[in-house]
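Quick setup: the structure tokens below cover two forms of a single protein chain, split into structure 1 and structure 2.
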Structure 1
Amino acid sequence: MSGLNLAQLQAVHFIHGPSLVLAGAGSGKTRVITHKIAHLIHNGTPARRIAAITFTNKAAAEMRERASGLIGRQAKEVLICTFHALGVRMVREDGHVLGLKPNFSILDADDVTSILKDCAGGSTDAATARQWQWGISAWKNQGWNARTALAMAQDDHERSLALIMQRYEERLTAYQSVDFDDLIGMPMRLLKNHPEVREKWQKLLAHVLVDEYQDTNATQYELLKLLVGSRAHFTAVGDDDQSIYGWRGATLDNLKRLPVDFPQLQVIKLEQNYRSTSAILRAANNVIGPNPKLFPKTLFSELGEGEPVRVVACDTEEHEAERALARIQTLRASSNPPPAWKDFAILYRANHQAKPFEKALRRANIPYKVSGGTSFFDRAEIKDLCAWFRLWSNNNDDPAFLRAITTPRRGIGHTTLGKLGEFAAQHKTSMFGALFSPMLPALLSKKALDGLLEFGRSINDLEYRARHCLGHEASRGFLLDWLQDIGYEQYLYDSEDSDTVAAARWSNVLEFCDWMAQRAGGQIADAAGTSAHTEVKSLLEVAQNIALLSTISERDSDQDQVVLSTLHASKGLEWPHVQLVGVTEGMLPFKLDDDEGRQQKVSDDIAARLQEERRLMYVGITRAQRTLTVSWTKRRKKGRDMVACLPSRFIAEMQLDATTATENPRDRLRQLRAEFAARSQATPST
């Protein structure tokens, strides 16, 4: 505990009741959580009875690693996981009381979109289905089901969506499947409606720690309350100034409710920042100042004043990109040794703002990566193929079964799949296993049964062939023949409005097949481009390791590259040198007067959105460790036109010294080059 400050020590030592740790940006919240886990164990709480809940797998992995450094092997016994992972465990163990079998399927976003389109008769486009998906997700995050949504509907649009939600719920029940929102809502219902389950989990978990508490939605808060019960031994760690996910259900009401629901709540503020200089923190404190405060706090740093925050006015987005590039080059030229490329981040409000910066970096041959981009293995077409591979490897994989049997569609509708799902649940078997039951014909028409059996036989045949398919060339030929047999290329063209998009997706499929075939053996190029021989494997052996393949898309995470990222994706990260770009009215804060063309109904909605946008600016500022530059453009493209822009109100709210905005990075770079040339000329030749 010797490295903790007084506030951190107070947070760690309070273990016999509810506590709220208000952890300002860079104040060491993960350190507090891991030390508190160690302190709980030291004071007699068994490691297996402690739960630390995070929002991302990455955060959970980091917490587990740091806990291991403090408590060694006992860290493996602590339940450190995401909210959704905890929900999976609870529903796997106790979902039977809700009618779910333990090996229920978890549907991803693409699966949900497909089912919602089916709920509307299959004629709905994907964009509309995704809009429904977001609306249903918002209702689920409030703890609503279709019946509640229908009762609360205020207009025809909401009533129609509630009816779609009702059909969607029926599909999930029939398929023995859940979506990600259910992994929070179902555990909540388990604890709320089944006292024996609630008592079990309250006895199991002696102390619950929740990271990023400000990001919880209404359902997650109810789940937390039910987990901790009247004993209320929990630690909520969060920062109301970093609540930026209101659009996905996160609510500051959860912070407001804590002292009401738990009057004995201990509130501890962590205000010392270990990340940023005083100049950066002063700008951050000034920006967040106008927001109403639930628990007032002011960040401070002992890292020194540091460089002043710079504001740069630019003519256009291209000009802004040039200046951002000049700033990076200046900082590298003025330091010995120069900072690594990965020490620089360019942050913006919306994804489309990255383009001019990508172009500028490419022209200068500077390595970069766009954070938060779609992983190759997250693409729908790759997930389609992986579903088939998973089903060849494991016939009990119901999510893979549902995706494979409907992609491409083969005339097997939801009614048939619903009956199959009910039959499989009743007989405690997988949906694939149910295909060949002698009792199934009594439930289905001959046409439906023939379609299912044909699919089942084709899977068995493909599994056999893949098992005996050895080497690169044989595997590639097998995969291409299989894709032709199921008509997958035509399916892509039929699914997309644009032939260009369909062709790009088909190109991804061919690339993935090549990758799979290479892993089956033969000639393969290593990272240096050198050809090498690999062990010959069957295609089935490669398919059986399909779950490991996604790791190849994460190998570049530590490469030396400038990071381009949205402000939302930057949360939780930090860099020595940060540039906030495109900081204009209408972009940051994002346009507040309308929502997709619809006038806001209530002025309070606009005020709440402005406050969240201000918190987003605050998050961006506090990502910076040593230097921060904020830039805005006088004009920007809107469609084919150029429109005039004004600097964001947040720039004025930073209350910077006016002189900090006058430096031109190009002039500074020229000055550094001139100084270098002068020194070179002054050095005697040898």
Structure 2
Amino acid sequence: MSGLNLAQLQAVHFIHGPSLVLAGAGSGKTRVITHKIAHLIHNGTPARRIAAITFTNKAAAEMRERASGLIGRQAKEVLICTFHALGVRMVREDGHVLGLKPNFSILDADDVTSILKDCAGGSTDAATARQWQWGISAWKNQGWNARTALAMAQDDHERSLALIMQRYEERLTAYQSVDFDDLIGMPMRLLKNHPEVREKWQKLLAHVLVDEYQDTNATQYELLKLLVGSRAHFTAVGDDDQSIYGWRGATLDNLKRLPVDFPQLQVIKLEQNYRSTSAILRAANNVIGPNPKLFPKTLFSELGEGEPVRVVACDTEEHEAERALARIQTLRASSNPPPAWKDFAILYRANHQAKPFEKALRRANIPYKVSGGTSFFDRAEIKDLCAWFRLWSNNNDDPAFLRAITTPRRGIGHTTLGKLGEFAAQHKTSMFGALFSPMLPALLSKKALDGLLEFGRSINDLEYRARHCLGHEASRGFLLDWLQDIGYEQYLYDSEDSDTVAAARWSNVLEFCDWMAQRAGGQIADAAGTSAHTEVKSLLEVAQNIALLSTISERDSDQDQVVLSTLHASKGLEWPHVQLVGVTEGMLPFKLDDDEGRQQKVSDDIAARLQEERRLMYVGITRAQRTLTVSWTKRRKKGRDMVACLPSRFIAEMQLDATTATENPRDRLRQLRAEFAARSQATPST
């Protein structure tokens, strides 16, 4: 237990009751969790009876790695995962009591919007469907189902949304599918309404640890309470100043309620920041200052004053990207040994802001990765493949059925599919189930029927073979053969105008197949040529977990690359050199008078939104260990126009020393030129 301060030790040693570690950024909260896992195991708790819940899959992977540094192989057995992954496991094991098959499908956001459109008769536009999705999701996160929503509806709009939700629920049941919210809601209901299931899980889990507790939502809190029961052996760690998912239903009430619901709660505060220099920490403390204090905290650093925080005013986003690149190059050139690429992060408010930085880095041949952005899994070609996998795993998954049967097109028209859909609805079966009904032939032409049956048989065949296809090598061969059979590469070239784009998409497909195959385990050689043996799985098993894994946009491991990330996705992480870019009023804080913004739904209070934006800035600043640069642009693209911009109010709130902090090389250059010109004019000619 070396490397822990007294307060951290106290948190680690308190194992027979509920505890909350409440502390500012970089104070070692996550470190407490990893050490506490080790401590519990040293004290005789079997590894498999410990659950540690993280906010992202990536954080889970990192925690497992750190835990294995402390306890070795036993770290494998600890249940380290997100709430959603825990939910999947619970519903796979016990969902049958809710009438769900173990091979249920997990729908992604796209599936959900298209089902919602369908529920409303098909003429809805995508923006409206997304609004509905947000509305329904907010209700679900509150623990409501359609019936509750209907009963609670305040106006016509809410009433009609509740009716759509009712139809949506019916479809999901018919498709044997769940959405992401269900992955929390269903386990919660399982534990609440089924004592035998509750006892099983409470018995299994001896201690539950939750990282980033400030960003849990109401349902997750209910789930946690049910998991730990009256024994309440749990550790929550969090920081109210870093709560940045309010727009997605996370609520600070969970922090407030903890001492009320658990009067015996041990609250531990950590005050030393081990991450950042004093200059960086001071800027962070100044920024968060104006926010109302839920739990007052102090935070100090002993890492020395360090370099002053720099503010860079740029002309445009392209100029900002050049400046960012120059900064990286200067830092690399001026230290010995030079920092690695992965020591640099460029953080911004919104995904689209990455573009100019990507371009600049690519031009300079600097390796980088975009995390938290458009996930690999959001690409159309990957979704196509996933639809097939989902269909192998769950024949009742109608959205997957429709996507697979039409990608690539196999001469089965919309009319045929429409008839099949109607027939399936009438007979309360899935579209796949309807294929083999003896009553179907009466409705369709022979050609249409043959096409459908051939597709159905090929799915059955693929499913059977995927079940028996074991390990990395076999899986890779299987996938490539199958892609060849369905003519997927040709389909990409046919559907893209540009061959370059088609080739890029095809290479994504190959990368994806490789990655799937790796997950099937067996003898696998890595890039360095060393080989490892991992547990062998069937390809079907891998496919079944795909929808969940698809939330891992952060699959790639710790390569030496500059990181580009949204502020939201940077939570919990740290880098020696951080540049916060686009710290421009209207970007950060994000324009607060945005009417159609989805945030409106959850909180239409502008002041509350400004506070959340301020916390986002606080999260950004506190990612930096040694140097921090904050930049903004005087002009910004808005649609086709360039608009004039101001620096974010958060820059002033950092209260930096104006003489050392502000730097605009162009201004300085202009000034030098002017001085030079003035001087040469003053010099008498001979």
Ligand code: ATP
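No experiment lies behind these values; they were computed from the predicted model shown. The first residue in the sequence of structure 1 is number 1, and each one after it adds one. Between two forms, the rigid core is the largest collection of C-alphas that superpose within 1.5 Å.
It is structure 2 that shows the chain in the form predicted together with the named molecule. With the core held fixed between structure 1 and structure 2, residue 260 has its Cα displaced by under 2 Å. Relative to the superposed core, residue 636 undergoes a Cα shift of 2 Å or more between structure 1 and structure 2.
Once both forms are fitted on their rigid core, the CA atom of residue 224 lies less than 2 Å apart between structure 1 and structure 2.
Relative displacement of the residue 400 Cα between structure 1 and structure 2 on rigid core alignment is 3.7 Å.
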